[in-house]
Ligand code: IPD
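Form predicted on its own, single chain, as structure tokens, below.
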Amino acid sequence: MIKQSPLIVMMERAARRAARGLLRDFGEVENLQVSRKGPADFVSQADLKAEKVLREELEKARPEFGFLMEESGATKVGDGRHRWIVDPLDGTSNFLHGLPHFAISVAAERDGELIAGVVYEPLRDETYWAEKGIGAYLNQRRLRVSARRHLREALIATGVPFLGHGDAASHARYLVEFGKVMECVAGIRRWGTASLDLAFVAAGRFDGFWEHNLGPWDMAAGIVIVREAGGFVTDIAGGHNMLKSGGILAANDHLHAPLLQLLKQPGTA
């Protein structure tokens, strides 16, 4: 049985505590009070309550850490070296429509480097977690990315732009990308929860994942988990600017390069 570090234990404990409220509210999803955060982008009371619980738990355990949280933004600088990057409810649209596919995502960053990640899926009670140099796990089972070598065998996940996310040019770019990938792979899935898409890549359930216009909280934990499962993670240009650019491509070492080539736009290096 793998022994989790105190950091991972604390991150998972915070996620599980926040999940209690999400599970209660999901059971009464029709009664949730929902306010508009932007076009086609909703924030629920469940979101805000979960974020409050996570902040309280994480701040109590590591008061020196700063915060970057989806709903409240960069709310605390801390010691300037350590930071939590938190999404209290990834898959808000799924949640609000009663679709049972959402997660809590918590990442730890030190000196600008992601060092640990937890993605907790409350409905299945599945914890995907990883720490730099320790490996990636689903509960107590070691994770490895898939070993598929050919795109024609691969199942790829993505995120589709929607109203309020990206402009007309970015939507057009995505349609070009989708068409290119669709012609080369066994299937494409769009499940609406980036943290779980990345966790599924780490678990070998998906062979790759790409998306644009994500926030750091959508992918920070998943990046650590994929890397520790033996996968490759870059931005869409092949660099390592995912958290700032909002674009990400994750896959195993056989599929990352051909996927990157498919996603490159004319005129890019």
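This structure is a prediction, so every number in the text was calculated from the model and none was measured. From 1 onward, residues are counted along the sequence shown.
Note that the form predicted together with this ligand isn't included here; everything after this is about it.
- Residues of just one listed stretch (132-140, 87-95, 178-186, 116-124) have heavy atoms within 4.5 Å of this ligand in the model of the complex: 87-95.
- Among residues of the shown chain, L214 is one whose heavy atoms approach this ligand to within 4.5 Å in the model of the complex.
- Contact annotation: V106 falls outside 4.5 Å of this ligand in the model of the complex, judged by heavy atom distances.
- Although the partner is absent here, V145 lies well away from this ligand in the model of the complex, with no heavy atom inside 4.5 Å.
- Proximity of D207 to this ligand in the model of the complex falls outside the 4.5 Å heavy atom cutoff.
- Each of G159, R190 and D218 comes within 4.5 Å of this ligand in the model of the complex, counting any heavy atom.
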